[in-house]
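Next up is one chain by itself, shown in structure tokens, the form predicted on its own.
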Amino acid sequence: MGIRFILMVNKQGQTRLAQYYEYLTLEERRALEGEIVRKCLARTEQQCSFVEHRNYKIVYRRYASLFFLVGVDNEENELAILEFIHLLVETMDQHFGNVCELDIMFHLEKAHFMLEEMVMNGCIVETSKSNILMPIQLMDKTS
């Protein structure tokens, strides 16, 4: 298993989306999120986008007011995860039109659905934006 969790966090450190691919209790999740968010938000833009924390490698990227943080195994390729984050943002941009924090907050189910189309059990299974967005567009048409 490669990806352990995906977090979307605003500049104030508030989690807007959290998806876990391993079991952690609610208290463990809260503690882990707090530690990671503080560590990543304290870094400058001149520092690299990779941080080691506990037994995870955290790969993160900031887009506008949102930080996308992905916790992976130590063997995982950091550049591939950065590319995955970029694909996720591009996919959300294509659907929402320049995705922002409010899009995530008001359409949380769609953001989770996109993640579920892209990642299954911690493995990236889909990278085609049109294949990811097709079920969401079909749901939008029927509602």
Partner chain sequence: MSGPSIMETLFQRTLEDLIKGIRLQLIGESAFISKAMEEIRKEIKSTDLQTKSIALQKLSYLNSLYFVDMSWAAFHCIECMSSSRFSLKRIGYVAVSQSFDEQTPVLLLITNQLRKDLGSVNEFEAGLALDCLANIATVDLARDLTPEVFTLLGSSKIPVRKKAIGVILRVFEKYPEAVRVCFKRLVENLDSPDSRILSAVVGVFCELASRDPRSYLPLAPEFYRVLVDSKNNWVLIKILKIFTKLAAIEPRVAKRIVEPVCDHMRRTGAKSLMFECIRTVVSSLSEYEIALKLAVSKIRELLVDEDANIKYLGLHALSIIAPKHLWVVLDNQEIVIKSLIDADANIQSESLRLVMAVISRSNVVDISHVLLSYGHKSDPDFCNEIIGSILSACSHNLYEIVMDFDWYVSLLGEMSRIPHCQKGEEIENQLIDIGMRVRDARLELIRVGRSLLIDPALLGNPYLYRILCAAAWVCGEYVEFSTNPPELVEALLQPRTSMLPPLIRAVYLQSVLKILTFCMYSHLQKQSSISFPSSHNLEGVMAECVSRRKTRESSDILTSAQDDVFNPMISENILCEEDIPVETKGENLFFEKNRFSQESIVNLLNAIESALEPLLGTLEVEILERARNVLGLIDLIKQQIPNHLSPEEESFSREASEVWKLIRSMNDAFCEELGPVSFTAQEKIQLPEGLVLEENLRELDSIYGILQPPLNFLPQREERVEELPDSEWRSRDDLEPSNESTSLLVEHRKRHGLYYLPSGVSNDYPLANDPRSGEHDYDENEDLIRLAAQSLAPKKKPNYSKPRPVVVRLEEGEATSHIVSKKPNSKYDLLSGVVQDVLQETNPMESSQKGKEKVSSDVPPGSKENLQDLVDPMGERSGSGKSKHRSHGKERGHKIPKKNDREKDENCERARQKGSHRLGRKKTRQRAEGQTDLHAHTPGQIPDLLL
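Quantities reported herein were computed from a predicted structural model and do not represent experimental measurements. Positions refer to the first chain, counted from 1.
The discussion below concerns the form predicted together with the partner chain, not included here.
- In the predicted complex, Thr91 stays away from the partner chain, with no heavy atom inside 4.5 Å.
- For the chain shown alone, Ser65 is not a contact residue for the partner chain in the predicted complex, no non-hydrogen atom being within 4.5 angstroms.
- Taking non-hydrogen atoms only, Glu35 never approaches the partner chain to within 4.5 angstroms in the predicted complex.
- Residue contact check for Lys129: none of its heavy atoms lie within 4.5 Å of the partner chain in the predicted complex.
- Residues of 91-106 placing a heavy atom within 4.5 Å of the partner chain in the predicted complex, in sequence order: Leu102, Met105, Phe106.
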